[in-house]
Each structure stands twice: as C-alpha cells, then as structure tokens.
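Next up: just one chain, as structure tokens, the form predicted alone.
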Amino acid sequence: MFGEPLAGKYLAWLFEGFGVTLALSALTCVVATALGFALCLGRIARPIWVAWPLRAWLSVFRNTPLLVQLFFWYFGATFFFPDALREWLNAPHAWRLGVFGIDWPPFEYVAGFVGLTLYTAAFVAEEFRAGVLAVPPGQTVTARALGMTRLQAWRHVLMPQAVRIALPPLLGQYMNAVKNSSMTMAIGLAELSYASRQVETETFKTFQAFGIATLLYVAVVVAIEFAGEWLRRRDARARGGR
C-alpha cells in the first residue's frame, strides 16, 4: 500500500540530517534562552536609552520573515567581511585537544545558527518579559520590606515566579526552533528536511522520505512536551502540590 521501504543508505541520510537538526536546534535553544533573558533585562530597564534600542531590535527580528534573515546572514552579511575572513569561514578547520578534535562547521551551519538564534531570542525575550510583568508588584515590595536587597528579591522572589509563568510559552518557542530549523535547507544546510528532499529526489519515494521526516519532527516535539509536563509536575510537588 505504501510502497517499498527505503534502503539503508537513504535511511542513513535521513538520520544524519536528523542529527544536524537536533544539534542545531539544541544549540539554538540554549544560546537563545541566555540571549533572550539578557534582552529581557535590558527591555525592562529603567533608562530609556537602553530599553528603546532593544525594543527596536526585537521588533526587527520579530517582524521580518526568518527566511529573509537566513538569506541575509548567508548571502548579505559576508559582504561586509574582509576577504581573508570570508575565506577562513568557508574553509575546513579543526581544533585538536589531546585525542579529541572539533571540526569547524560549514558556513551554512554558522549562518543558520546565527539567524535562527537571533530570531528565536527575540521571541524568548518577550516570553520572559511577559512572565516578569505577570508577577504582582506587591511581591517585590514585600520582599524588600522583609530586608532583601533588590538583587535578592529578583533572584528569590520575582524570577522563580516569572520563569514558572513563562515556561509553557518558552517550550512553545523551543518547538518552533525545531520546526524553523527546516528553513535552513534554503541556504544549503543538510538538515532533516534537506535530507528528505534529497532522498525523495533520488528514489521518488515521496511518502517514505517525508513520512519518516515528519515522524522524527513529531518525536522531538512530543519529547519537549513530555519534558515540560515533567517540569510542571516536579514544580507542583516541590510547592506542596499547589
């Protein structure tokens, strides 16, 4: 009914692409979370000269298509680089640390990581900011009245509640990062969508190629959902089931 299964060579292509997708998405989520949190702090800062430029920055990255941003980082940004740097970025490199070696990723990976991270960080920053603003101001006032410094109030009172509030939408952004990573195929990165397209082109087995890719994407999203549910239950137990 569904045709012949894919040969082992083509399955290997798909799983290699899946590995690239996982690595890119994980790295993006980690860096975007740290950058987004920093942007959130600057966004809610009192000085206008800090908050307003960051507001403009976030607006640009949130309101322009990710595909356009990826094209900019891959085709446009290198225009401003010196020729030597451009050649270095496109040449293979490896760092040796004893018996271990780290290969410099291809420029498609670097451009995809930069574009996807900056795009995701803009949304993560707003999720953090929404979480902070959702905490009643009286919580901070009470903490200060109990003798906490401003930093202690932020660390022990405001931030735990803000992160708890922001966690569900943050997980949604992580899922989006996994799905949005498929757009890097447009700049030639051999991730899962790129690999499935290659398999389909060579074998003409459209259902098998894209069906397996779809199942792999769904598996990652479901894993993130389960992780979020586990964190929610763990937090509920830590707070006495409230």
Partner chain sequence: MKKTYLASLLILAVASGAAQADRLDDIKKAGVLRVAAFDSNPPFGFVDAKTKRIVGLDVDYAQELAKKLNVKLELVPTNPANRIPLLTANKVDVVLANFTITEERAKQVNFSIPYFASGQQFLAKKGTLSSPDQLGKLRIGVDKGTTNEIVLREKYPSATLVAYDDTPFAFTALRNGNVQAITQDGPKLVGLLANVPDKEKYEIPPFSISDDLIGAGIPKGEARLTAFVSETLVELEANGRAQQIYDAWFGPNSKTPLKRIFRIGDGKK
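In this text the structure is predicted, and so the values were computed from the model without any measurement. Positions refer to the first chain, counted from 1.
The same protein also exists as the form predicted in complex with its partner chain; that form is not shown, yet it is the one meant from here on.
In the predicted bound form, no residue of the candidate spot (Phe15, Thr117 and Ala122) has a heavy atom lying within 4.5 Å of its partner chain. Mapping the unseen interface onto this chain, Ala186 counts among the residues with a heavy atom inside 4.5 Å of its partner chain in the predicted bound form.
Shown alone here, Pro106 lies within 4.5 Å of its partner chain in the predicted bound form, counting heavy atoms only. Taking non-hydrogen atoms only, Trp154 never approaches its partner chain to within 4.5 angstroms in the predicted bound form. Among heavy atoms of Phe113, none comes within 4.5 Å of its partner chain in the predicted bound form. Of the candidate stretches 85 to 93, 156 to 164, 129 to 137, 142 to 150, only 85 to 93 contains residues with a heavy atom within 4.5 Å of its partner chain in the predicted bound form. Contacts between 72 to 86 and its partner chain, taken as any heavy atom within 4.5 Å in the predicted bound form, involve Tyr74, Phe75, Thr78, Arg86.
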